Every structure is written in C-alpha cells, then in structure tokens.
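Coming up is one lone chain in structure tokens, specifically the form predicted alone.
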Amino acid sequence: MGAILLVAPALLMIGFLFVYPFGYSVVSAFTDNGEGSWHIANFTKAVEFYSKDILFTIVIVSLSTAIIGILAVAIAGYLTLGENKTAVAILKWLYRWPLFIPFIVSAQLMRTFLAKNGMMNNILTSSGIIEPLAAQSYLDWRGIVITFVWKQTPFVALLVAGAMASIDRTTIDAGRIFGASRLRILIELVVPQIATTLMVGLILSYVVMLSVLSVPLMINAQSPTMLTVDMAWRINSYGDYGVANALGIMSYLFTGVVAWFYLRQSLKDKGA
C-alpha cells in the first residue's frame, strides 16, 4: 500500500499530461472532435490533401538522420582517434555550441546565413568562388536539412563520443599494430562497438525533427512542407482538430516504425 501511495503522484502526472491527451487525440482522429460515430474520413482527407507533404516529411527527416549519423561518427571518431591534440581540443570546444541554441533561433540564424543575399553567398562571392549572378537561395528543402543537421549533429556526436571513449582501447591499438588506417579502424573496429548508442541518438533525433514546427515554417513556407506546418494550419485556420490529429497519428506511426526496428535490434543483441 505504501509503495502505491509513493508512486501515485507520478502515475497521475503521466496519466493527466500524457495518456489522456494522447488518447483524446486518437479518438478525435477517428471521430468528429471526439463525438459522433467512428470513421476514417479524417485520414482520407489528410491523405487527399497532404500526401506530398507526408512524403516530403519522410524524405527530409530520413535524409537529415543519415547525414547526422555520418557527421556524428566523423566528429566522434576524430575525437577518439585524432593525433593532433590542438585540432582535437578545438573540435571538442566547438562542436557542442548548437546544443544550446533553440530550434527557432537556429531557423532564424539559417535564414540569415542561407538567403540569396545572406552571409554564405556574400563570402563565396567576395572570395571569387561564385559569380554574384550565380548566387541562389537555400531557403527550401535544403535549408531545412542543413538546419536539422547543424542542430542535431552535436547531440548525437556527444553520445557517440562518450561511447567511443569507454570502449576497450586494446582493439584500437591492435588495429594500429597491424597497420590498419584510422578510417578502417573507425569503420571496422570502433563503430560496431558503439552501434547501439549511435542508433539511440539517431532515433531520438528522428523523433525530435519530426516534431519541429519552427524550422519548416520559417525556412520553407512554400509547398510541399512538413506535417507540423499542416497540423498548425488545420487548427489555426479551420479549427479542424480531426484532420490535424489524423496527421499526428501518422507521425506516431512513422516514429513507431523506427522504434520497432530499434527494439528488434536490441532484442537480437540480447539474444532474446
């Protein structure tokens, strides 16, 4: 009885703040704002109106996740295997900065940096790399990917670097003794040992990017756009919570597929 009383406040908080809103959103997606008969009209309308945005969202988030994984392994790998202490110290000091910048501030920074008359094109033009007339705006799908990668790579790199620092150094030393290059040691010896941590970081980043509204809203206001913008539009312009919740359920399913792969791999690693 004492244990139940001890855990009751936490259970009530989870039930009130997570389970009830989640359940109500599911019911609203299959009914008329939580009332009336059950149907799939909201999902039919969501697919009819936003099929391009659904595909756009999956491609953007998947592409960003893949690039984040590659860059995080590269950064953490140099921190672990790098021999230039000055370069390692500078990289260790620099790569974490975007962790402390909110997404909405990141989006505004990238609007300034990636615009046609932004800082990036000004640098390329003044250095003679491109002609002024060749400058173009990156405030489209490329801007979203760049912002997501810039913001989330430090988070995954931090997790992966910690995992790499804790592995047995004898395997790395053995690879060096047998003449393996640092790239081969990283890919064949180090990455397999931290694969689970890397997967956790990428899944968390995937879920975060799927839920961000400010970045697609500020960088790519044109169609196609991401589902979070469509959800905000349905609610603010039409008060249509049914279709908005249907789009939300689709986002749950996207993350559910990724979570299923992660759980399956975890059970396989444990020999279950």
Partner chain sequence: MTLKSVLTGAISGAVIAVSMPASAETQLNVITGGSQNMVEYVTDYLGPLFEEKYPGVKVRVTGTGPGDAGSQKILEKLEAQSAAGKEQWDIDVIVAAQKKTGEMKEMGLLADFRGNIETGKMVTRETAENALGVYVGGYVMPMFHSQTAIAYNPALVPNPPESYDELREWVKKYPKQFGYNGIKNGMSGVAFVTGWMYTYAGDAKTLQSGPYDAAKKETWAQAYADLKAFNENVTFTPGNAGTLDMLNRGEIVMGPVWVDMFYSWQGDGRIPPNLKLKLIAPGMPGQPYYYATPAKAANKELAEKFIELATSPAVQAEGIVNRFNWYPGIDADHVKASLDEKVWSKLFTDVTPLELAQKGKPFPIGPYFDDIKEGYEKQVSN
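Residue numbers count along the first chain shown, from 1. Remember, it's a predicted structure, so these values are computed and weren't measured experimentally.
There is another form of the same protein, the form predicted in complex with the partner chain; it is not shown, and what comes next is about it.
Colleague: Looking at the partner-bound form in the model of the complex, is residue 37 within 4.5 Å of the partner chain by any heavy atom?
Modeller: Although the partner chain is absent here, residue 37 would stay clear of it in the model of the complex, with no heavy atoms inside 4.5 Å.
Colleague: Quick check on residue 51: any heavy atom within 4.5 Å of the partner chain in the model of the complex?
Modeller: Yes, residue 51 sits close enough to the partner chain in the model of the complex that at least one of its heavy atoms falls within 4.5 Å.
Colleague: Taking any heavy atom pair closer than or equal to 4.5 Å as contact, tell me whether residue 142 reaches the partner chain in the model of the complex.
Modeller: It does not: once the partner chain is placed as it appears in the model of the complex, residue 142 has no heavy atom within 4.5 Å of it.
Colleague: Wondering, does residue 171 line up within 4.5 Å of the partner chain in the model of the complex on heavy atoms?
Modeller: Although the partner chain is absent here, residue 171 would stay clear of it in the model of the complex, with no heavy atoms inside 4.5 Å.
Colleague: Please name which of the stretches 71-79, 96-104, 113-121, 193-201 has residues with heavy atoms lying within 4.5 Å of the partner chain in the model of the complex.
Modeller: That would be stretch 113-121.
Colleague: Select from 226-251 the residues with a non-hydrogen atom within 4.5 Å of the partner chain in the model of the complex and write them out in sequence order.
Modeller: Contacting residues: 229, 230, 233, 234, 237, 238.
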